[in-house]
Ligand SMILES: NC(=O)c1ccc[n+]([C@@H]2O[C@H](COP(=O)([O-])OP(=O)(O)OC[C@H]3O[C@@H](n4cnc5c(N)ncnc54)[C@H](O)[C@@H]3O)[C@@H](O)[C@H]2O)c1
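Taking the form predicted on its own, here's one chain by itself in structure tokens.
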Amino acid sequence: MARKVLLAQDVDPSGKRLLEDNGFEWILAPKEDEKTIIDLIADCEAVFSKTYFLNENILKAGKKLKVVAKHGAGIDNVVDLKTATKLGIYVVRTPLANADSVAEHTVGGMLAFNQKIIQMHNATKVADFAQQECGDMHEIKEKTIGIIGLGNIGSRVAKICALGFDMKVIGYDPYVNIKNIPDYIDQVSDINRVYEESDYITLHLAATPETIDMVSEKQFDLMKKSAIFINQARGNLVVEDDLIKALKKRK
């Protein structure tokens, strides 16, 4: 009898073929519903999830469960880690799977903002060519980007910005050994320098007790009024009420 793997959410056909080629039977949950997942997981040794949260009730129902696999990098939104640890269930992820994509998306957002790409696109759609003048457009070349978190994604953003756009890169990450930092990154030990000196500030961190709510009114006050703040990490790294206040005050 084939060993069973539950897909809490659908995955690419190549992923299903990989399971089949290695002797596993996959089961796709027909809907993202706790009762449905609990009924299906009872006979499975592993479960894949992209964003569906596997809570304590679900994990305890998996009597044969050995592994929870996150189809992505961050695990905080897919599994009750405390319960998984207590039950002896391994939790694995794919930290490199989307690193290039997120890094490119970060730089793409900077370019879209500075080159007014969205506004120009919308103007072109309605043939408003008079609107397509270059006022308030800026190059990112030689601007300063401050990167908080120099892991798989942050380090890629740094490389693209430094070597591709001649940007100055300031990086903050207390967990990365300075010996492993390339010379095009100015690694700083004071995180406030990132907020004070950067034209762009971008976050590339996991949501942990140390990072949740790390950006609040104090940090917005430190930023240049012209700064562009990018959060490609979790939303809860930023105090939302303080962000709204900063936006309303046009900081």
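Numbering starts at 1 and follows the sequence shown. What you are looking at is a predicted structure, and each value in this text was computed from that prediction instead of being measured.
One more form of this protein should be noted, the form predicted together with this ligand, which is absent from this view; the next part is about it.
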ask   = Is there a heavy atom of F129 lying 4.5 Å or less from a heavy atom of this ligand in the predicted complex?
value = no
ask   = Does G154 reach this ligand in the predicted complex if we count a contact as any heavy atom within 4.5 Å?
value = yes
message = Given that this ligand is not shown alongside this chain, does T124 nevertheless sit within 4.5 Å of it in the predicted complex, heavy atom to heavy atom?
response = no
request  = Examine Q9 and determine whether its closest non-hydrogen atom to this ligand in the predicted complex is within 4.5 angstroms.
outcome  = no
Contact at N114, E197 and I230 by this ligand in the predicted complex, all three, heavy atom at most 4.5 Å = no
request  = Identify which of G108, G88, G164, P174 has a heavy atom within 4.5 Å of this ligand in the predicted complex; exactly one of them does.
outcome  = P174
remark   = If we test each of N192, T211, N55, T36 for a heavy atom within 4.5 Å of this ligand in the predicted complex, the one that passes is T211
key: Per-stretch contact check against this ligand in the predicted complex, the hit in 137-145, 115-123, 166-174, 80-88 (non-hydrogen atom, 4.5 angstroms)   = 166-174
inquiry  = If you apply a 4.5 angstroms heavy atom cut-off, which residues in 89-127 are near this ligand in the predicted complex?
reply    = R93, P95, N98, V102
